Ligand SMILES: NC(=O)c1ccc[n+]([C@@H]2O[C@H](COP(=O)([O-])OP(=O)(O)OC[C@H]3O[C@@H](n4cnc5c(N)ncnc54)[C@H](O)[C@@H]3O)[C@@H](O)[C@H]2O)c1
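Starting off, we have a lone chain in the form predicted alone, written out as structure tokens.
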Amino acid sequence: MATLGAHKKHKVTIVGSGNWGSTIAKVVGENTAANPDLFEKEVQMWVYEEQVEGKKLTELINEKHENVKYLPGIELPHHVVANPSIEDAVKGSTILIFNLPHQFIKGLCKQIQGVILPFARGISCIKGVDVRESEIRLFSEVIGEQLGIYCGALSGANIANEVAQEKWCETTIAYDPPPVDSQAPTPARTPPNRSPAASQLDLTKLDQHKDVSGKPSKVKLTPLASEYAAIDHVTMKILFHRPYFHVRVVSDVAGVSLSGALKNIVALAAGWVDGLGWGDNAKAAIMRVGLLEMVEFGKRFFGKTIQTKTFTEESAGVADLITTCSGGRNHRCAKMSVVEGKSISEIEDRELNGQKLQGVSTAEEVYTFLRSQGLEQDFPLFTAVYKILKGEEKYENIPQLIEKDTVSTDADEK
């Protein structure tokens, strides 16, 4: 764990290089250069190798300092290095930032098991949930369990192209520093008149931490090596905060992760409503019901750790919901599918340059989980989106599908 003798610099790797991954690489690369006492300047960015313009994508990125396929027109810091080898890219890194479609994360984690530093820490920028039969997990937990590390999450009202163009916005990072890393903070973090050695922690339990369900984690963490400065809220803000990308750091990993996943389901419904030409009132109704279902889902399945205020006060919550239902790709493609009379998959193929809508896969996974619990009727909007995607219902039936008993009584308020 970090001690008074900390002197090694943190090395950062971005795992993923799509539109959002390349944008985060730009943000992080600017901050590693601006904070040479804390971070190594070079940032490794793992790139799935493919041919573009007759050349390897990694070669183009390293020559032009631009991801010409997924983030064209945006210059990346010259010390952001595209690397086609995931094993080489993560080697020696203390901070791993995961930013790739969630369907690839498990296979990728298998590739780097035993390769990464045992005390590395992670941040997941991945939108979605992992469903296995009747169990639902967040990808921060999937990453943590597969790699034996602690992993937080980043999510917010962040349309990638706007961030890359340095248009001001906010984001939320959820990182709850594990007790094993808290035994001895660095000098700059030590409260006045208190020695780092004066910790009141039970040192016999420092390797124990709880997962997002509030249960003891299956992962036994390796303490952060004493040569490094603490990886805590301060370090995370230094790594990600830019004048155009304002960061708030919280501890609610479940709330931030769920917000980032579930809002994409709501955005599909908002896009359909816009495609039907029903106006802003209708879309506001979709967002209201969607926010209620997001909060209820979090309370019901992650109630031991989730904080409702994350959904209502943080960029990862209501702000991201508004943005995604107004200008995000899930909303945009859903609207096009109605206007043009085409399927979502046809729109994806034409508009997304080989990428996929996270809302579609998340809707399917969430419905699978709700059905296993017999709770489809408790989440009518999530259920309606799934059924429309499967062709079992029509866009025009959304009002009836999501309507609940709207009569409230004084008893309901007590």
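Don't overthink the numbering: it's just position in the shown sequence, from 1. Quick caveat: nothing in here was measured; it's all calculated off a predicted structure.
The form predicted together with the ligand is left out here; the points below concern that form.
The putative spot formed by 266, 298 and 379 is not touched by the ligand in the predicted bound form; no residue has a non-hydrogen atom within 4.5 angstroms of it. Residue 369 falls outside the set of residues with a heavy atom inside 4.5 Å of the ligand in the predicted bound form. The ligand in the predicted bound form is approached by residue 160, whose closest heavy atom lies within 4.5 angstroms of it. Contact between residue 70 and the ligand in the predicted bound form is found at the 4.5 Å heavy atom cutoff. In the predicted bound form, the ligand stays beyond 4.5 Å of every heavy atom belonging to residue 387. Only one of 346, 63, 53, 50 comes within 4.5 Å of the ligand in the predicted bound form through a heavy atom, and that residue is 50. In short, of 300-308, 100-108, 246-254, 74-82 it is 100-108 that has heavy atoms within 4.5 Å of the ligand in the predicted bound form. Contact annotation for 114-145: residues with any non-hydrogen atom within 4.5 angstroms of the ligand in the predicted bound form are 125, 126, 127, listed in sequence order.
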